[in-house]
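This document starts with one chain, in the form predicted on its own, laid out as structure tokens.
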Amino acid sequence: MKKKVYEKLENIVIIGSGGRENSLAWAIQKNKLVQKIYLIPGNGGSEKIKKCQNLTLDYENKNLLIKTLNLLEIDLIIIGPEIPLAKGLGNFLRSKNFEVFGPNSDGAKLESSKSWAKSFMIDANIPTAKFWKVSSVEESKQIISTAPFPLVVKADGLASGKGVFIPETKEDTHKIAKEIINGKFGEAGKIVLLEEKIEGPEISIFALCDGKKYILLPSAQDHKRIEENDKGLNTGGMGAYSPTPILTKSEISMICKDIIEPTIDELIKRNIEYKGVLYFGLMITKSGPKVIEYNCRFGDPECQTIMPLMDTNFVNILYKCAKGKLNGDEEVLGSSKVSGCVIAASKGYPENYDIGFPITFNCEESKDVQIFHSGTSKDKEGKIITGGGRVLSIVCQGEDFDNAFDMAYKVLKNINFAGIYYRKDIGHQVRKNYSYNDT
């Protein structure tokens, strides 16, 4: 029997500085072939992960970036955040003959322009909510006033997960649309999407795509609102769990047939070679699953939640996607457990908050406990301090969700920084031993 020959996959670069990138690095370092993982720029906790090193390098300095990548003999580049993808970093790196996991700017338009994505869905006959695209306060007033149903207001461009609003009244809908059009999100709000409000549980689906074929990761459910009982402002995500038990195998098959495969077919039809992760934000309505949004990268904190479930072959699959060589039947799961994540945030997030507070950890990571740094840095003495709105992702695995979340909250009680805030009801949909009275 011939010994399986692996292509060289020793030196990896991950671009980004959040919990998503740290969890990707954590999953990738488990593969014995990988020797070194460089994070550009990484954060205060990245170098706690085995084989990892931060590079304080501006990836927009193209000459220095290419010189560094060549010097380090990089075999695979993973682009984490949406902004460099939208700006064409994938295009540039591929033009320099690097293997890249992450779409070019044409594929990233699925996320960087919500109106473009909606038109894409209509062309591909993908189920989604009705919508209107407006660019003036007068236009928005006319549609909001005459709409027979409640509307969701969305900034068209990238707004760090904070550009979606679900107003309670028409007056609030008018006010929010006006604020966005008048510059609340700068260029990202020049166009506003007014969308029919649809009802049902939200689910996150991730497909790893090589341009033609794809494989699914476990589904996840995110908690977007800042307050318990899913109230308050939208955030980048306050916690998540995976896999979601509400989806049956037949429903997943239907999602593949009616949403994922038509999306890839439409990309191919438009000559867009999409090599990266396709994120589908779905709402499971009474009439079936509908697409709320696409993302062109791993969701955060769903990524942190899913990564501990991956097997050691995960990085090979990312590489096969970058090379356009997926079989489409690869296995990714290395655990039969469930996973839960709770975000520890700064007081005042998602609006105004202070940073620079020391973090104390009176707990340790273990096989089923991970602490992924999301918004941290180091002070002059090398101590970990807060550096963002979402500071830490506490992720735990268990035989059931009660076990996973009980552990996560136990760990959180042993972490502290000034103004620490976290929701106490993450995973309430799947925790049997939970009631809102617990908060």
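Just count from 1 along the sequence shown to find any residue number. As the structure is a prediction and not an experimental result, all values here were calculated from the model.
Quick note: we don't show the form predicted together with a small molecule, though the next part is all about it.
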Within 4.5 Å of the small molecule in the model of the complex, heavy atoms considered, which of 139, 230, 196, 106?
196
Answer key: of 143, 188, 152, 284, within 4.5 Å of the small molecule in the model of the complex (heavy atoms) is 152
Quick one: is residue 293 in contact with the small molecule in the model of the complex, heavy atoms, 4.5 Å cut-off?
yes
How about residue 275: is it within 4.5 Å of the small molecule in the model of the complex, going by heavy atoms?
no
Any of the heavy atoms of residue 129 lying within 4.5 Å of the small molecule in the model of the complex?
yes
With a cut-off of 4.5 Å between heavy atoms, is residue 224 one of the residues that contacts the small molecule in the model of the complex?
yes
Using heavy atoms only and a 4.5 Å cut-off, decide whether all three of 345, 370 and 423 touch the small molecule in the model of the complex.
no
Answer range among 336-344, 261-269, 96-104, 188-196 for contact with the small molecule, defined in the model of the complex as heavy atoms within 4.5 Å
188-196
